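We begin with a single chain expressed as structure tokens, specifically the form predicted on its own.
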């Protein structure tokens, strides 16, 4: 039983790291711009496809393919921020409608370019096995965990130790006051969208080699990322990190006790419990006037 538990904890940490990236990207965008982008899951998916293209057709280097995918998604993020979401920043209803429309547009665009069939990206880290006692995992498992750990640490240091990071946090707290002290809020909106989309690309590029790359691969990470944000607290970066990691571990460990098909039930039951007991989330702050 101990070995089975360890196996599921490692698997859950790996998937939780992916959920963490998705949640962190969405929190950065929502916290600074107050934009809820439901198309974040398809950006995750596009990151996987673009990484596959760079790796198989252009660069023949997984690391460079990941960086290329993040760069391309940053450009796409810039286009979406300026062309769509900047105009809808103060209209949550239209944000939701626009992002749902973007899901259809981007998914169909991917199918038109790459076709409806799943793609496979074979890299050495998926073939190398790492033994832990009697268990064995692919090196890609630990590459994902390590890369996400370094990325989250870098984002945290960026937000707390740099001038741009301080400006982003100031804008998220009060955009008008930030502008009074000389911070260009529009530049901060662009920066948050670029970082959020780059994190989505990183998630898709990391998960792609471990599983298949297909047009709906971002749907589940989007749902789990949203759940992580709500459990951790809307706009809370520590909440997104702990919520994403916690969801991954809880859903993996739950399969030891219940059928695998019901693991999502555990996650969303926990989400409902948090909403009932602490509506603002574990790390969220209750706003005056809220129920």
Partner chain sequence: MAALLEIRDISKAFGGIQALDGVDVAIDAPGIYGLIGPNGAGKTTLFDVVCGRQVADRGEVRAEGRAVGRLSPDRLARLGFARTFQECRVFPDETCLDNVLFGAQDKRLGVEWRQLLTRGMGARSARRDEAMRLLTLVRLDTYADRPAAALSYGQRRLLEIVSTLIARPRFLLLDEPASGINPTLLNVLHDFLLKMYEERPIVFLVVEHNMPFIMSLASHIVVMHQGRVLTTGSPADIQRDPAVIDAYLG
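What you see is a predicted model, and the numbers here were worked out from it, not measured in a lab. Positions refer to the first chain, counted from 1.
Absent from the display: the form predicted in complex with its partner chain. The rest refers to it.
J.: Check residue 184 for me: does it contact its partner chain in the predicted bound form (non-hydrogen atoms, 4.5 angstroms)?
T.: Flag for residue 184 set to yes.
J.: Does any heavy atom of residue 173 come within 4.5 Å of a heavy atom of its partner chain in the predicted bound form?
T.: Output for residue 173 is yes: heavy atoms within 4.5 Å of its partner chain.
J.: Can any non-hydrogen atom of residue 105 be found within 4.5 angstroms of its partner chain in the predicted bound form?
T.: Residue 105 lies outside the contact set for its partner chain.
J.: How about residue 179 - does it come within 4.5 Å of its partner chain in the predicted bound form, if we only consider non-hydrogen atoms?
T.: So residue 179 counts as contacting its partner chain.
J.: Exactly one stretch in 197 to 205, 164 to 172, 88 to 96, 75 to 83 has heavy atoms within 4.5 Å of its partner chain in the predicted bound form; which is it?
T.: That would be 164 to 172.
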